[in-house]
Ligand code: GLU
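What follows is a single chain, given as structure tokens, in the form predicted alone.
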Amino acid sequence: MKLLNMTVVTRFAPSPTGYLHIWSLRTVLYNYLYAKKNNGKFMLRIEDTDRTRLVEWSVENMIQVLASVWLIPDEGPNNPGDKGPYYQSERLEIYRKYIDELIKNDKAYYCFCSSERLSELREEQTSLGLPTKYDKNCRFMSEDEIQAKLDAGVSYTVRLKVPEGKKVRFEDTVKWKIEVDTKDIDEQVLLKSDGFPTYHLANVVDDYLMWVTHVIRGDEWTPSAPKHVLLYEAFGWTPPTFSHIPLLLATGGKKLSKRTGDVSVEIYLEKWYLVESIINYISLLGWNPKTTEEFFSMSELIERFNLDHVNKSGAIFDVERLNFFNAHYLKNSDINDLYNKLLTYLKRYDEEFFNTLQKFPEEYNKNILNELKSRIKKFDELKGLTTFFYTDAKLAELDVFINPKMKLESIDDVIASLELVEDVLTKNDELTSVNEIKDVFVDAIKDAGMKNGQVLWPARVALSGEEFSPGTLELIYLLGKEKSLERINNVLENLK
């Protein structure tokens, strides 16, 4: 259902700590789909306030990957609008203003506890089996005590003053109604001693100032949501609509992580998965389209996406399922479109193979791709299956030619079969399709009183130099008469 009388604004607000991960890609996708479904705006914001974990190249890589998978923000660092800056490290004065407002209105307080005291407190609570929470040691200091410490230059943080004896209630489109007692909410640090805000303050202030209407993020942020609701109430602001989407799990049910498999989106692009398959598969990990259909274009996903149909339980990321989707898109792609995508991938990830293809006619390359696209699950399998198309075929070992099941008991049997192939190729000039080649060879084999496998098996090995390859008829069609004859003759010479 589309929303009326409100401009929907969603955002993706990552910390630049490395590569974009699969679970983050799903978060981006859901934010993007929901914004586009409701004619809204999707924004990118960089939460770089944790300077100890900052990775310099991360933002550039993230933006590049998002563009590669067609999820381009409407507003962000690379295409600024009127809601910037988009790096939180450039918004420190803004956060300071709102921290001062919270302190003035008795919604937050200075905390002068040292890191040593806090460590001791955590250790004591852990040893007693208690939740590790701040003990409110600085909450009830007098104004004179606070001022004296400020004048003395004592290092401090600023903490949220959690109301006592209250229930925090809010609705989540995925989890429905959530209620938490304030006695279970920690008095979270909002401003660190280095002057940088924590995630809790910065994301609330930024979402408000950037007019974010829907916060769609991972389930791991659900425990933080009550703190954020309290902050909205402290400022007198209306909270956005929350949607905490389920975790992605590895096969076996463990949380998806670097330990359970490849998690970087970049890795799947490097392995030459098509963007269509990545987006299609990722969209279904937690969202139920309420249909038996599995394959959706981006426009169809935008039309059908509904936050009400996001599941509560975790979804398993299965590479075999991704392979299934990718094989479908490869098999059903228009060859011209697919070839252009192949060249784009090669330019970025395999310049050597790209340069090899450029030495051959485009039609030749497309014919090979068209023949093999139904045999591969992803592009990176193509190179290994096409070596004999772009280099001279190696001479296979004799025992590969010998095949008793095909009535090939000796080298003389192999030679006789290959001589028949040589004769057929020599006598037929127009071999313009696989079906035409098939008709010619079936008749010739029958006339010679031989079996199809008896002739086509050694020809296949001779043409490719491999035990496993496309069929003989397809190889002849792709290589052409001249190159096929050359390879057959070369093998015959060596066998004789």
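Note that the coordinates shown come from a computational prediction; the quantities given were computed from them, not determined experimentally. In this text, residue numbers run from 1 along the sequence as written.
Beyond what is shown, the protein has a form predicted in complex with the ligand; the following relates to that form.
**Q** Residue-level question: is G18 within 4.5 Å of the ligand in the model of the complex, judged on heavy atoms?
**A** No, no contact at 4.5 Å.
**Q** Verify the contact flag for L475: yes if a non-hydrogen atom of it lies within 4.5 Å of a non-hydrogen atom of the ligand in the model of the complex, no if not.
**A** Output for L475 is no: heavy atoms all beyond 4.5 Å of the ligand.
**Q** Heavy atoms within 4.5 Å of the ligand in the model of the complex: does N203 have any?
**A** Heavy-atom contact with the ligand at 4.5 Å: present for N203.
**Q** With a 4.5 Å heavy atom cut-off, would you call H214 a contact of the ligand in the model of the complex?
**A** No, H214 stays farther than 4.5 Å from the ligand in the model of the complex.
**Q** Only one of 306-314, 195-203, 67-75, 410-418 gets a heavy atom within 4.5 Å of the ligand in the model of the complex; which is it?
**A** Selected stretch: 195-203.
**Q** Here the chain is shown alone; which of A13, V9, I488, L25 has a heavy atom within 4.5 Å of the ligand in the model of the complex?
**A** That would be A13.
**Q** Just to be sure I understand the contacts: of F353, W221, F388, F324, which is the one whose heavy atoms reach within 4.5 angstroms of the ligand in the model of the complex?
**A** Exactly one listed residue reaches within 4.5 Å, namely W221.
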